[in-house]
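In structure tokens, the next block holds one chain alone, the form predicted alone.
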């Protein structure tokens, strides 16, 4: 009898202790949860709700539910499909070039040659430059009459132009700005990952007669794949959602050739005042990016 009473007393004390610790844990978590809900969850939910409404930016307090009307309009909107295609091309080409160039730079940074420390120090300069400065520099380079690129082309007897207004070259210039800014960050991250690979692996591979290419294929690449995956996902998200490079350089022109989804959302919300329609484009962007992230991370886990 005494044993049963002692056991019940122990259970009661354990329950009270667990309950106290649980409520204490919830109490400590609550401020952070409320803050996250206010600054992240509420805007997302309000944006999704707005996408099902006819709502003007001039009178945002008036909400009229139109269910899927905004999404049906999207399907018939040729500019939306153009912007989606441009966003996909800009993201795919930019991130692929950033990764390849960053990987090459990382391999270069890894070499023990004279002056490499200075080169490592200046590698990050382009990444820390503000976007507006990069756009101004590139705008100056392609100015007709006095831009360095046009001066060189003129000396070679080639045609000159304001290349940001050229339908063929506007998008490649925006891709170039993305690569110029972000490739060094890829390089530093991949270089740091390479530094964590034990030298014993390379020494053992050399003793087995592995070539430099085989060492890169079977030692370097597998050991930097996780960092590379993180960098690619982050830069896909950044580039797909990036607004300032396109807006500051071309504004989506000429003739929509550089129109991307973020600039189209801005125009719909702040120039056409179609807040509900702009929100529906934002929801499509959210779904695309979440799908990409989940699929990519799953594939990386599978490998």
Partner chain sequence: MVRTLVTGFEARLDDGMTVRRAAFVYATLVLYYGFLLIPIFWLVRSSIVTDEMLRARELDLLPLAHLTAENYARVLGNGTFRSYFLNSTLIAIATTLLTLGVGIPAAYSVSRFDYPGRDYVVLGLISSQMLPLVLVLIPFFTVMFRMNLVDTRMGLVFAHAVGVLPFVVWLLKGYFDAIPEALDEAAKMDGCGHLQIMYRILVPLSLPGIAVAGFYAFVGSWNDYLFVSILSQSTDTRTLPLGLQLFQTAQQVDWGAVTAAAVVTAVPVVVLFALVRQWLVEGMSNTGGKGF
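Here the rigid core means the biggest group of C-alpha atoms that line up within 1.5 Å when the two forms are laid on top of each other. The structure displayed is predicted, hence computed values, not measured ones. Numbering follows the first chain given and starts at 1.
The discussion below concerns the form predicted in complex with its partner chain, not included here.
Sole residue of 113, 75, 213, 158 within 4.5 Å of its partner chain in the predicted complex, by heavy atom: Exactly one listed residue reaches within 4.5 Å, namely 113.
One residue of 230, 219, 79, 96 in contact with its partner chain, assessed in the predicted complex (non-hydrogen atom, 4.5 angstroms): So the residue touching its partner chain in the predicted complex, by this definition, is 230.
Residue stretch of 120-128, 197-205, 164-172, 80-88 approaching its partner chain in the predicted complex, non-hydrogen atom distance within 4.5 Å: That would be stretch 120-128.
Its partner chain contact in the predicted complex: residue 42, any heavy atom under 4.5 Å: Close contact exists here: in the predicted complex, residue 42 approaches its partner chain to within 4.5 Å, heavy atoms only.
4.5 Å heavy atom contact, residue 58 to its partner chain in the predicted complex: Taking the distances in the predicted complex, the answer for residue 58 is no, it never comes within 4.5 Å of its partner chain.
Contact flag, residue 65 vs its partner chain in the predicted complex, heavy atom cut 4.5 Å: Result no; residue 65 lies far from its partner chain in the predicted complex.
4.5 angstroms heavy atom contact with its partner chain in the predicted complex for residue 9: Outside the cut-off, so no.
Residues of stretch 264-295 in contact with its partner chain in the predicted complex (4.5 Å, non-hydrogen atom): Stretch hits, in order: 265, 266, 269, 270, 275, 278, 279, 282, 283, 285, 286, 289, 290, 293.
Large Cα move at residue 294 between this form and the one not shown, threshold 2 Å, rigid core: Yes; that C-alpha moves by at least 2 Å between this form and the one not shown.
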